[in-house]
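What follows is one chain in structure tokens, specifically the form predicted alone.
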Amino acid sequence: MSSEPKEDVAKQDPREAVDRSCRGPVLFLAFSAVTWLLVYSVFAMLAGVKVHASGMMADSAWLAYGRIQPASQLALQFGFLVQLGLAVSAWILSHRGKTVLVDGGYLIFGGMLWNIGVTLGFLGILTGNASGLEGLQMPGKVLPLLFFGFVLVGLSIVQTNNRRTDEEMSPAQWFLFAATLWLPWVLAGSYLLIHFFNAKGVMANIVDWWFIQNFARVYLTFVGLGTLFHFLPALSGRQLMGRGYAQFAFWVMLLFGSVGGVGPGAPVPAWLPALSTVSAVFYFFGVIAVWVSLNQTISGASAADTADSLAYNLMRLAALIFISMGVLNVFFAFPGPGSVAEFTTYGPAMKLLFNLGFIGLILVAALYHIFPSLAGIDFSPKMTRIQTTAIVFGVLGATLPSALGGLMSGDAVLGSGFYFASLGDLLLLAGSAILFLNFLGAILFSIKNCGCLAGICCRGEKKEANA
């Protein structure tokens, strides 16, 4: 039994209890995600250099472009985005539900399994055991490990949401809860179809396109929108407006984001690209509904607390990128414009802009707000400004010139924009390295000065002292 006086327990802020329950699991996932972001930045930089100097490191099969490029994408999507998305989701659902994180040990153990799976997949690609599929490049044997790791994390998140004190869920909870349920069955379905039922050739590619569509348009998008619907009203000090628009967007994007993803020039029956075009058009109505709801909420508003102004402005930038990409996606979904952009550097550049410019910036901004309440110490303000500037300009520099160059040059040449993108890769590497050092330094400083994290590390010593 606890030796704390009942009067002191009654006076505690419930939010502090929520933060204590989230501290270890959320910081573990967040630090793992930041580490994978640094790994991605290093290998993305190497891939860019290989394009300019293809003869460099030519004797090393591990560092061939065909291996380091998909390996870097695995580190970005599964190592960084998924893990930081899970960390932010757990924190938001706990605070929204006004309940402590349930079974946080499942979240830590599941996160360990997920990291082991991503590491094995990463090494499998570098050793030449990639599957050859764009969305599921890792060896097939790794997918069950990723599935069970995510399920363990999901059990903690789902139980936390189910034990909320307020029965009515907010739009932020709708999106984050649905995303938590969506990825496991998409991973399991893809694994069974490709590796158990042995889908081959075009059928395997159709399954892969289906996974990419669901992973990006549903899972990652819902994580990003759920985070926006929580933080933009909270940081601006306003209530969420247009709840009906948010509900409309949820169902439209869930329905039409789960189908499609087949390009106009794909060697498949014509009805599949046509279905993808139709689903993209209806999906865009959901994007418009999101914009209307968020615009009504934050129009003319600034951050209520100056300490949150950086996170608030980053999220506004990410929301603008999301809306702009929604317009471009529906335009290039039609056969005419789509055939111009297909097989150029435009497609990969826009995917990277979605991953880092929309989802990545939102999650990093959320980390800026969450970290101080969990670690008891904030990031270094100077380093935070430098890393944010480097990351933002790195993301824009690595994507926009390459996308524009692809449209101008077509599929005949790489285009000059691809070479300018290397400068963006360099800035992104610098920003990722500073973020990693900033995170690690703050954690070590908190432990050294017996802050919040010292309570986790030195719990046994405190008990002996009290005895």
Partner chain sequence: MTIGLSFLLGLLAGSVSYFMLGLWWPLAVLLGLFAWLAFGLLDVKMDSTFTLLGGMLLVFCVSLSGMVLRANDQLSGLQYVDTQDVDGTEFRYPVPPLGQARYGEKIYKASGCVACHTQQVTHESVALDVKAMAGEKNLAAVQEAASRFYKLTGRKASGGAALGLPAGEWETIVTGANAADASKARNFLAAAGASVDVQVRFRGEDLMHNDLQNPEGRNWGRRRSVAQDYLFAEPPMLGSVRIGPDLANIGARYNRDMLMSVLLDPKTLKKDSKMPQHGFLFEQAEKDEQRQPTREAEALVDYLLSLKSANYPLPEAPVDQPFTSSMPKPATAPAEAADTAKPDEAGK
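Computed from a predicted structure; not experimentally measured. Positions refer to the first chain, counted from 1.
The same protein has a further form, the form predicted in complex with its partner chain, not shown here; the description that follows concerns it.
Undergrad: Its partner chain isn't shown here, but in the predicted complex, which of 377-385, 192-200, 94-102, 71-79 has heavy atoms within 4.5 Å of it?
TA: In the other structure, the partner sits against 192-200.
Undergrad: In the predicted complex, do 37, 120 and 215 all reach within 4.5 Å of its partner chain through at least one heavy atom apiece?
TA: No, the candidate spot makes no contact with its partner chain.
Undergrad: Quick check on this chain: which one of 159, 247, 313, 295 has a heavy atom within 4.5 Å of its partner chain in the predicted complex?
TA: If I apply the 4.5 Å criterion carefully, the residue I get is 247.
Undergrad: Just one of 155, 234, 206, 108 has a heavy atom within 4.5 angstroms of its partner chain in the predicted complex, so which one?
TA: Spelling it out, the residue with a heavy atom inside the cut-off is 206.
Undergrad: So in the predicted complex, does residue 373 come within 4.5 Å of its partner chain, heavy atom to heavy atom?
TA: Close contact is absent here: in the predicted complex, residue 373 is far from its partner chain, nothing within 4.5 Å, heavy atoms only.
Undergrad: Spell out, yes or no, whether the shortest heavy atom distance between residue 343 and its partner chain in the predicted complex is within 4.5 Å.
TA: Yes, contact at 4.5 Å.
Undergrad: How about residue 339: is it within 4.5 Å of its partner chain in the predicted complex, going by heavy atoms?
TA: Yes, contact at 4.5 Å.
Undergrad: Would residue 441 count as a contact of its partner chain in the predicted complex, using a 4.5 angstroms cut-off between non-hydrogen atoms?
TA: Judged by the heavy-atom cut-off of 4.5 Å, residue 441 is well away from its partner chain in the predicted complex.
Undergrad: Heavy atoms within 4.5 Å of its partner chain in the predicted complex is the criterion; list the residues of 422-447 that meet it.
TA: Contacting residues: none.
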